[in-house]
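Only one chain comes next, encoded as structure tokens, the form predicted alone.
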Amino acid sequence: MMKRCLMTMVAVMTLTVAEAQRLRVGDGTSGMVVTPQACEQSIVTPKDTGRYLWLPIEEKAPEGKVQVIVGGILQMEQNVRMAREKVDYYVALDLQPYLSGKIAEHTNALRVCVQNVPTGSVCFKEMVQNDDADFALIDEKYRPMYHHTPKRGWMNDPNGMFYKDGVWNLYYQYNPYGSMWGNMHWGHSTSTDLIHWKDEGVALAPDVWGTMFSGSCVVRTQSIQNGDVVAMYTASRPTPFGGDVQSQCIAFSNDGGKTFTKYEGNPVLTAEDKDFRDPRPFWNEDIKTWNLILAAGQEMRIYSSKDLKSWKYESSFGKEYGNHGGVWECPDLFELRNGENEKMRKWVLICNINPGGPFGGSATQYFVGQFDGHKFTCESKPEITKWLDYGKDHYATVSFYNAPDNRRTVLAWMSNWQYANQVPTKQFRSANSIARDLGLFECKGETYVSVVPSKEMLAVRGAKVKQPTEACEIIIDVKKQAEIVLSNAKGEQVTMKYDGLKQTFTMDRTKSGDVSFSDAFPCVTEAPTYGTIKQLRLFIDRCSIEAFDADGKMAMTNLVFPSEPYNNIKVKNGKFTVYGLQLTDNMSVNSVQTK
């Protein structure tokens, strides 16, 4: 500690006395003042106007700490990679929450403390304060055109998804203060068509119980005593001795999920397990009570409750079943029916796992069986593993609560923990898959979950075009042996092969474009087709390819980062049709442009 303080003093002494006392930042007219202190600490005094304090970020910089202090009381603390030598992009520190209500009495005492950042760092000269929510947005070539992405910052697991009053609500694991994992909040977006998304800001922020890890929402269609939407989430707090304490908390919303009030009796469920997280509550009409499934290490635990506050342990599932190559996470448990055979009613337990995926890293496995409100019974042999998607980039799959028309609609995080922090985007990282609807089918005595693009994707199918574009759908009628090659003028290509004899489908992205950021990225993925395929549906976006058997028996999702869009397709032993997509970007967070 002493050594670091002495080094900081040397850095301060390289400034003039006037600069060390009061360093005006930004373009010289911003009105903010930085007061350097010892031990790599500086106090930023914002000006009286301007909602957003824009923090300059350098991704290679070590994390510093940014604190908001009002009237001498700490209001917020986050880990931020403040720019030391160069600015990669900006993130917003929203000052409005600290200038309202009782805190407004201390407006003149609002300070931002930056710790563990040398005083001479470039961030102190490049800070900006204004009211422009779109300040310095980067028009990135890999930002998807019709997949949901955060406007800025990092995103991973989808959380708390529900449908209510014609609106699809998506929450997600979110770092507003950088494009790498950390500072977990719940971001929030809404949509009326599952294609165009509106950024609703932060719904849940860290508190005394910890950062906001994954969880779920339920809507007031049953016996919720407070609010029309209830969120249940994991709060994760580090301990002085290493590791985290993870506990389950709830929050209530009276405005359809836009804002939440955390329950003053939190946490509502605790355990001594190291990994104890990702609660998924749901109303079980068969037993007229709430059930809860959550992940604990390499098993799923099931609970019951009458009020969402007091929970009774019922049973556990997982020992010796499926893949145990990593930690079990992000569970879901629901009943499915076969659309063609209403008598086929099965319960499906979704279990996301990291690592342990079929081609390394993270993936989504599932189990089919029965659930009586107390215990889930898998109908398959323990050694059988079933994957929902056979690509490298399909994880944390969960479903929307209360979806209309008895649909079971899901979204996934479209990345892989092996390289999620390194993919070649900048101001944002990660997208969600397109929405998918689940069903059931049988093959050789086993019941499997079918996966098809949600019907909303048909609504944006446009006119036929001759060749692929950066955002399109391709329909391919295939024979027993087929090969599909997507390519561009740079020689970058993705090769897909269907083998009707072996009943497999493969996708090779080893030459797809930029694969240099991770040794785990270039790969060939292979999926069983559970019978013959007659037609494939490919959804191409700027950085992803999602392949589906039109009948729902196979899905494969892979990221790609070509230097320019694939604009050529060749199909051997098949016929293809390319459709453009009719997209609009008003009210959308996935078509951000630089002002």
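For every residue, the number given is its place in the sequence shown, counted from 1. Just so it is clear, the model here is predicted, and its values are computed rather than measured.
Absent from the display: the form predicted in complex with a small molecule. The rest refers to it.
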Site test, 394, 506 and 558 vs the small molecule in the predicted complex, non-hydrogen atom cutoff 4.5 Å | no
Heavy atom contact within 4.5 Å of the small molecule in the predicted complex, the stretch among 131 to 139, 173 to 181, 255 to 263, 386 to 394 = 173 to 181
Would residue 82 count as touching the small molecule in the predicted complex under a 4.5 Å heavy atom rule?
-> no
Flag residue 213 as yes or no: does it have a non-hydrogen atom within 4.5 angstroms of any non-hydrogen atom of the small molecule in the predicted complex?
-> yes
Please run the contact check for residue 329 against the small molecule in the predicted complex: heavy atoms, 4.5 angstroms, yes or no?
-> yes
Flag residue 284 as yes or no: does it have a non-hydrogen atom within 4.5 angstroms of any non-hydrogen atom of the small molecule in the predicted complex?
-> no
Considering the small molecule in the predicted complex, which of 291, 298, 487, 156 comes within 4.5 Å of it through any heavy atom?
-> 156
Here the chain is shown alone; which of 347, 209, 417, 168 has a heavy atom within 4.5 Å of the small molecule in the predicted complex?
-> 417
